[in-house]
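Take a look at the structure tokens below, where one protein chain is shown in two forms, each on its own, as structure 1 and structure 2.
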Structure 1
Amino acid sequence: MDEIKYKTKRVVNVLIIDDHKMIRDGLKVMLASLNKYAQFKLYQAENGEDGLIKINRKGFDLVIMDYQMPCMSGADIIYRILRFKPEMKILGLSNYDEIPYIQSMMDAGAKGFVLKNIEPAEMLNAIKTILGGGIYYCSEVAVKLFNFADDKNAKVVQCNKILTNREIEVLRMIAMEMTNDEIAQKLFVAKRTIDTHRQNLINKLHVKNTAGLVMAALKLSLL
């Protein structure tokens, strides 16, 4: 599925699976606030069984699902969803950023993992990325996964999960002290595209500036 086409306000059917009504209602309000970008049609399920029934009856573009619920974990529900809906896009949601929680959801087939304190702008970015065929971690989770990788090879593997190939390419050029204009010319793209890549790198690698990006590139042996 291609990136959401905001000009046409495409309808995006979203199922929220969470056993806490307050969380479901909060997500509903958040996504409603993003309706100027896309028209989100929202459905709710209070547990895994209810969610599976709704998914079996209706096609959804995206499922946003809590990790921890009664009877079945989020990972167990994902396995069951993907057994009969293998193309389903699923975004994991949790209060917890512990590695086992994150890894179990991703191993089960989730296309992203965010924390419940996520800001609307980042939630929109997560949805755009996942519907566009990518994988999305919120910045706190991305950093946690990166730091968890102990050795250089593991960090490179983790980096490849967090960053796109183009972002890695741009990061390498930033570390070589190339300006955004120079990178844009090298890659035959607009400067604003490189500006966006730079900001995405700063957000994903949880650094503050170019110096932080250079240090990240060194850690990843990109030089």
Structure 2
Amino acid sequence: MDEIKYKTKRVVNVLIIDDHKMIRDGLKVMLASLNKYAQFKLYQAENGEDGLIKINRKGFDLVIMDYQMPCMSGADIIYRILRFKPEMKILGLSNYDEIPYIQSMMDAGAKGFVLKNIEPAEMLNAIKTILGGGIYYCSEVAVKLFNFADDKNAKVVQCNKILTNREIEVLRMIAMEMTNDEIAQKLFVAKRTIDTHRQNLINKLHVKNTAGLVMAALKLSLL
């Protein structure tokens, strides 16, 4: 579909979805510096809804978006974009290089994932790959994914299963320094129920204890 001719200066329409203007401007500068490869025409949206409206109105070649967004998570936005633009090429962007985080975006259908401190050269690589129909992980991420899939094959399946609503609710409360007892009272259930939720969270997120739960919640941008 989108065959690239490297010798032709092609126009690439890019939509950047990010709530921080600073990041959007930064990306703008970076993409402008890649003008030897293509002429990037940039469009911006500062949240998921805005992005969806713009995608609906205009055909973009590439969407670059942050995971951390108010209201909707990055993965949710991807699901909604792909519902009516199944061929849309989406590049995820994040500060954190953690597995559940990336998993959820890739599972949703993102074509690649890079960290925000990416160098222009690698960004060009990522964009080329994705526009060419491929999938791109930035190197640090690729390493982590590899290590993860390696020795914990069985558990990855479990990790793909997204947390249930109740679990997310409990996880948030845990991160808010509440004890199982307090959470139970707030949710009108038995303390043992929260014990179970907590245990299941630990298993699903492959962490060892409360500290790990909080870190995972953060990387899943639930906080």
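Only the largest set of C-alpha atoms that superpose within 1.5 Å between the two forms is called the rigid core. Please note that residue numbering is based on structure 1, beginning with 1 at the start of its sequence. Quantities reported herein were computed from a predicted structural model and do not represent experimental measurements.
Only structure 1 comes from the form predicted on its own. Core-aligned CA deviation for residue 205 between the two structures: 2 Å or greater.
Superposed on the core, the two forms barely differ at residue 62: its CA moves less than 2 Å between the two structures. Relative to the superposed core, residue 176 has its Cα moved 53.5 Å between the two structures.
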